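A single chain comes next, written as structure tokens; it is the form predicted alone.
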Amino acid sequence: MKTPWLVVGKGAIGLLAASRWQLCQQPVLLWQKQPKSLCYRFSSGSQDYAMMLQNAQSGPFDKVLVPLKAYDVVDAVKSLLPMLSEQAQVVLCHNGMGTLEPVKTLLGPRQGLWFASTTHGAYKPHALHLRHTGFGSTILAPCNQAAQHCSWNLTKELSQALSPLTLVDDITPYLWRKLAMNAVINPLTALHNCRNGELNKAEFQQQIKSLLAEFVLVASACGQSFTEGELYQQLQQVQTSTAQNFSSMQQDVANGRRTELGAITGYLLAQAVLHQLQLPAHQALYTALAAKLEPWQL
């Protein structure tokens, strides 16, 4: 009998993973504040599916996917600790950085920690409809010793949910590369209330190049090597392939939700302070967007 996955929350990426697992007969449960089953419609390509996911009642849980906003991750793991088995494997998946070290300190010696960085896109047109908007790929890496020695075939099962999936030894350079994309696309689209593709316009190019140049400085100070040219080329590819998509931060601002600005631009600015660097372009973007938000949305 297959061991079920527990998906924490009912965000777009979590429901995407849960939906794809259910479609290939992998058992999956939800962990949400309201203890009831979730019925919704899942659209992928030209296909529509009626989905129902059972809410978990109690542990112990062996395999947990935590696809939450960065600011919710540590508290969510804390609340789950009593329900985790001694050998539980916990997979984080979110934009931004800064959660791995705090979560590592929470887990027991046999509990594995992983990070999945995905470029799949999904959003909810409304609460009970999930649409898979971008077919991407996923990088998975073990982040502590217990994960490195895990005997379960997590790669195969996570590939069912977020394929194609590549297993790597160190997630750090991939997180930094994704941070470069997110630190441009998310706050700019949120500030200007536009789709990703709008950032390909000439009027944004100088600002984008300044943001990437500053990112390269911070990344280098943190031991990560990138060039402005490679990041600019990748960014243009991402903006083109997701041209009709709204970024997660644009959606958060448009719907009056808390944003991940602190885990994305805020993380870069904090690292700059540690390394005595100045990031005027990122600081100006942070300040401009923060002026549109309530303090609790930062």
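Residue indices: 1-based, along the sequence shown. Quick caveat: nothing in here was measured; it's all calculated off a predicted structure.
The same protein also has a form predicted in complex with a small molecule, omitted here; what follows describes it.
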Please identify the residue among 30, 261, 253, 238 with any heavy atom within 4.5 Å of the small molecule in the model of the complex. 238
One residue of 224, 85, 95, 159 in contact with the small molecule, assessed in the model of the complex (non-hydrogen atom, 4.5 angstroms): 95
Among 266-274, 43-51, 56-64, 245-253, the stretch whose residues bring a heavy atom within 4.5 Å of the small molecule in the model of the complex is 245-253
Each of 10, 19 and 22 within 4.5 Å of the small molecule in the model of the complex, by any heavy atom, yes or no? no
Tell me, yes or no, whether residue 185 is in contact with the small molecule in the model of the complex, where a contact means a heavy atom of each within 4.5 Å. yes
Partner proximity in the model of the complex: residue 178 to the small molecule, non-hydrogen atom cutoff 4.5 Å: yes
Looking in the model of the complex, any heavy atom of residue 99 within 4.5 Å of the small molecule? no
Taking the small molecule as it sits in the model of the complex, is residue 111 near enough to touch it, meaning that at least one heavy atom pair lies within 4.5 angstroms? no
